[in-house]
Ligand code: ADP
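Presented as structure tokens, the chain that follows is alone, the form predicted alone.
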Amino acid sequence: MANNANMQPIFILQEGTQRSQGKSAQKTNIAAAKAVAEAVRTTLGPKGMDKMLVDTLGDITITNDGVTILNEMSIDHPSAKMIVEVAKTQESEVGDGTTTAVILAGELLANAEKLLDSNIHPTVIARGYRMAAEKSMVILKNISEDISQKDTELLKKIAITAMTGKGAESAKDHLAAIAIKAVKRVIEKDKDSIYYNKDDIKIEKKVGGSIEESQLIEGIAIDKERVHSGMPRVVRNAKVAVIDSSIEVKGPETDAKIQITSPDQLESFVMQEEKMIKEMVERIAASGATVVICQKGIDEIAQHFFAKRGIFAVRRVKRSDISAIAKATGAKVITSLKELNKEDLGNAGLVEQVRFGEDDMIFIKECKNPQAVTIIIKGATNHVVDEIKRAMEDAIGDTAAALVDGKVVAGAGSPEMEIARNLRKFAEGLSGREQLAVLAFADAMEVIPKTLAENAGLDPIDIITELKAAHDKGMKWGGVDVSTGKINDAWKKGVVEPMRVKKQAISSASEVAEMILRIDDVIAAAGGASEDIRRPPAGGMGADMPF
């Protein structure tokens, strides 16, 4: 909008458009980001609390998993959505540390706000934050410890740390052993590199029984049942055919009309169709297959012939399950039955249909060298099973990240304190206002041990003071022991995390903080946002939060 003493105001934006500029825009954006961080802050650590989230349909989710909480909340403010993206990135890259990343982003922006009030330019703060983030990566690498597949005890500590504070804690030893075995089974080595695909570990939830009854299947479990009751329920030493086409006579792709004038012609037509289906089944049987996994349909006549031959058949299996079964058994996915031969078949020691409560599942297990596995999670209720699954995903993600990078650090706030200490030393060698931004970054790192202390009912000022003293004396892994309220060596206490969790959290948090700081003008189209972008949101978890 332009204004002049001799002319009327000129409006260049659509009527109803909301606009926020300069410090007003920055303060609103920072307040929104801080509110998001505040929403998940109480969930951090072993003593963190859970949130109950109720959606529009009345479905309830009870969790302390950061990304789950933020996904379930109807967040509307554009800057708040950017903080949610940090959690999503952390989840997709590592699978754990989402709450840490969000809290850190909120604290970086809170500290930046103080610098803005001191008239330090946003680009100077952003540049200082970038320098601090890069230095943090170097510090992390220097303080990290090595890990390999042989370090089973250390891997167990990582998995248990990931599950601590979640619903899985009562059976953490059992679940940690499952997570480690699953990850070791599916990771692939290529010379000096290790590769991991999280889709190779399938997690199935089943309500009923106890958490201790959760188990690892050396193969694949699918929520299906055999297509005909006359088929065997159990097949040992199975030869598995994985077919990506239908076992039925397809209709013509274009409109066609078949004129039948006599009963004999009708009978001949039906017999011809039956013959074609029988030939398909014969071709599959001739390959030596005893189990058929089909992605598409299986004709009822084909089901009958399969049952007569004692072949176990399953239809309409999901594409993702088809790929997993092929990986687990070593089978090739066949799209044309004419090409099927015994070399295309996979092997499984046991294929069986198992009853779980009111549902049936098919287990394809005892595979020789399965490149895909399934974890069956059991628990008393849907809410329990859902939370155990989230805990297991964190444990698997952390274990895999540790093995892929080969680097780990202690937890309990110790790496954040060590980074903060080293960043302050780094800042001493800087000239210019960037030094203040680096110091603000160092202060922000302390929000993690501070929050751990707060959530455990400890005095955060005392804890931070003691931690600083411990790290200054060379206690690299000095962290908060939330059980005793004292400062202990987190490494000796078995609180261990992958370096990647910290690396990704710091990287994502600093990047989003820099991006938000550089915004000085927010223009929202009419009707484009339900929240007035010019009004800073109220702090805390009240009704005025910008969600």
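Since this is a predicted model, take the numbers as computed values, not measurements. We number the residues from 1 along the sequence you see.
Missing here is the form predicted together with this ligand; even so, the following discussion is about that form.
Annotated contacts: Q26, N111 and A509 are all free of this ligand in the predicted complex [non-hydrogen atom within 4.5 angstroms]. Screening 50 to 58, 476 to 484, 28 to 36, 511 to 519 for residues having heavy atoms within 4.5 Å of this ligand in the predicted complex returns a single hit, 476 to 484. Note on contacts: among A412, I83, I220, A182, the single residue with a heavy atom within 4.5 Å of this ligand in the predicted complex is A412. Proximity to this ligand in the predicted complex, taken as a non-hydrogen atom within 4.5 angstroms, holds for one residue of S144, T290, T164, T451, which is T164. Using a 4.5 angstroms limit between non-hydrogen atoms, T399 is distant from this ligand in the predicted complex. Of the heavy atoms in T98, some are within 4.5 Å of this ligand in the predicted complex. Contact annotation: I69 falls outside 4.5 Å of this ligand in the predicted complex, judged by heavy atom distances. Shown alone here, K502 lies within 4.5 Å of this ligand in the predicted complex, counting heavy atoms only.
Contacts between stretch 36 to 65 and this ligand, counted in the predicted complex as any heavy atom lying within 4.5 Å, involve T43, L44, G45, P46, N64, listed in sequence order.
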